[in-house]
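One chain follows as structure tokens, the form predicted alone.
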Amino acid sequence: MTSGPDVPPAAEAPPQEAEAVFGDSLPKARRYAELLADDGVRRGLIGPREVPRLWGRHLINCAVVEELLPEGADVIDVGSGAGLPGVVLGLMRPDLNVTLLEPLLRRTVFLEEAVQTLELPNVQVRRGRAEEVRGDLSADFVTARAVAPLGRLAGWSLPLLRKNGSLLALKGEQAEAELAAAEKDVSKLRPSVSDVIRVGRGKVDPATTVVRVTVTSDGGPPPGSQKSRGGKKKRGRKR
């Protein structure tokens, strides 16, 4: 990856917030912030104006979503882009199996380089669209941030979920209104229950808003189809 004087440096990590949220993973989080501020800007994955607020608006905002993920869960990050939240979750939680699903080549190249640089054996990059990998990939959770309106996002994501799996869509202040407008259509895609939750209270202000859609009956990929990381699914107690 390249660097140069014309690219603004990553903002310093807020000492208290970042240390409290990332813990031992803070060095990797700092390195990822540097990659975003340098190559992420150069390649058009994030805007230069986002660099000064990488920590509060992006990294910490994504990191607190790990509160919703039980130990050993398989996660597909749909429309991963620059890796938010997928890379953040993967570097924080080595117990998770994370697949970064992204259709654009320039973004997958960045993601592959980031995964290699950060030494994340639990994270893999897959180029493709969600609708193209149905029956091939499946997971306990699908994450998404700034990808599409909820109705369209659910149409792409719910077929990738196993029974009792959840879509975790990071949304903004209009999350409740967006869910209210789309909930009926979402429930028609697969039987599910939906709610709006806020995570990271006391760690990030404002707390991260997540629309959670949980599948309540089977109807995902057929038995024997390839899982997102292969092998038996690990289970653990919820955090």
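The first residue of the shown sequence is 1; numbering continues from there. Owing to the predicted nature of the structure, the values given are computational and were not obtained by experimental measurement.
The form predicted together with a small molecule is left out here; the points below concern that form.
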| item | value |
| --- | --- |
| The small molecule in the model of the complex: contacting segment from 143 to 151, 89 to 97, 115 to 123, 161 to 169, heavy atom within 4.5 Å | 143 to 151 |
| Contact assignment for the small molecule in the model of the complex, among G135, G72, G155, P103, heavy atom within 4.5 Å | P103 |
| L84 within 4.5 Å of the small molecule in the model of the complex, heavy atoms | yes |
| Residue contact check: V78 to the small molecule in the model of the complex, 4.5 Å heavy atom | yes |
